[in-house]
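Heads up, the chain below is alone and in the form predicted on its own; it's given as structure tokens.
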Amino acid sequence: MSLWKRLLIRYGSFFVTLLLLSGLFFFLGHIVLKGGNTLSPALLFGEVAPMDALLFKERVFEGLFPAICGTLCLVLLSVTLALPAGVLTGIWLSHFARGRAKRTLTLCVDTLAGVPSIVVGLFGFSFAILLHTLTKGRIGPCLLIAALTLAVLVMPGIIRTTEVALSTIDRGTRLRVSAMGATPVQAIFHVYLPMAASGIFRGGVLALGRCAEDTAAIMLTGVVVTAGVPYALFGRFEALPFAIFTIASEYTGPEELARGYGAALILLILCGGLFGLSACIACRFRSIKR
């Protein structure tokens, strides 16, 4: 490769990276500047005393506290539903699937990964209508159905991450484990999964972020504006992405728009906290494994 091509690749890559980072910092800085001044107890709790809201003694109507609680419940429930099924499917694809069955399931997973979230939301809405009909109105759009919808949305990423993480285990390790007399199930759960845990965990972290920020999939499956703190799996709930969407589409003045920027900033902080907690757990897991 000539000197000019090497310089072009080197400085071109640097320029594109700098451009992307500049856009990212501009985006984050814009939200911080617009929403930083609105961060206050009133934004979170409205006219309710913070301790009364945190102890669930009084319902919050004007603040974002119910939306924060709803987002946390939705994210944790969705990942709890998606992670076991996604990991087990990834294990099957990596170690047991062969031939046409593997090609068919891989095609289905890749297709599902490319489906827009609004289409998955329509699927969840149809499922909610079916349950509403079968239970004669007792169950409809709710927190559990929204979590199931998001679980379907993020499961392809978990499946592919698990499959790739397991496929990176070298052949020598596999031969040594087999030579020691371990069964395939013993090898997977006692050797391969611990070795691939960091890669699988990264897939779970990406699923956390996708569940926290998605709006289209939950608009049709139970999220509302003034539901309050989630009280049951089959109840309605609030969520920060939907609150931001509602404020951005219905604001009547600069103050309400600033409140929307404040909600966006809180959502970023919430996602950052979840990612930070996940990173701490991953580091702790790696230290224990060593």
Partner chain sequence: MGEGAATMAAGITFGVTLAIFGFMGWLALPLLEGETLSTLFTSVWNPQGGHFGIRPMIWGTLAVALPATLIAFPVSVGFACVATHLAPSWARRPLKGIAGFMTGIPTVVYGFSAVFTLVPLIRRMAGQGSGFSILGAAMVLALLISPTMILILINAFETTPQIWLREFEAMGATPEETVWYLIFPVTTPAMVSAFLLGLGRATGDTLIALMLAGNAVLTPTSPLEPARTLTAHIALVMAADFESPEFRSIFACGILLYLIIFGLTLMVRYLTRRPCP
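Numbering follows the first chain given and starts at 1. Note that the structure is a prediction, hence the values are computed from the model and not measured.
The same protein also has a form predicted in complex with its partner chain, omitted here; what follows describes it.
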{"query": "4.5 Å heavy atom contact, residue 27 to its partner chain in the model of the complex", "finding": "yes"}
{"query": "Partner contact for residue 103 in the model of the complex: its partner chain, 4.5 angstroms, heavy atom", "finding": "yes"}
{"query": "4.5 Å heavy atom contact, residue 257 to its partner chain in the model of the complex", "finding": "yes"}
{"query": "Contact label in the model of the complex: residue 72 to its partner chain, heavy atom within 4.5 Å", "finding": "no"}
{"query": "Contact assignment for its partner chain in the model of the complex, among 111, 80, 167, 135, heavy atom within 4.5 Å", "finding": "111"}
{"query": "Interface residues of 3 to 18 toward its partner chain, as seen in the model of the complex [heavy atoms, 4.5 Å]", "finding": "5, 6, 9, 10, 13, 14, 16, 17"}
{"query": "Pairwise C-alpha change, residue 165 versus residue 20, in the model of the complex against this form - closer or farther, 3 angstroms or more", "finding": "farther"}
{"query": "Pairwise C-alpha change, residue 60 versus residue 253, in the model of the complex against this form - closer or farther, 3 angstroms or more", "finding": "closer"}
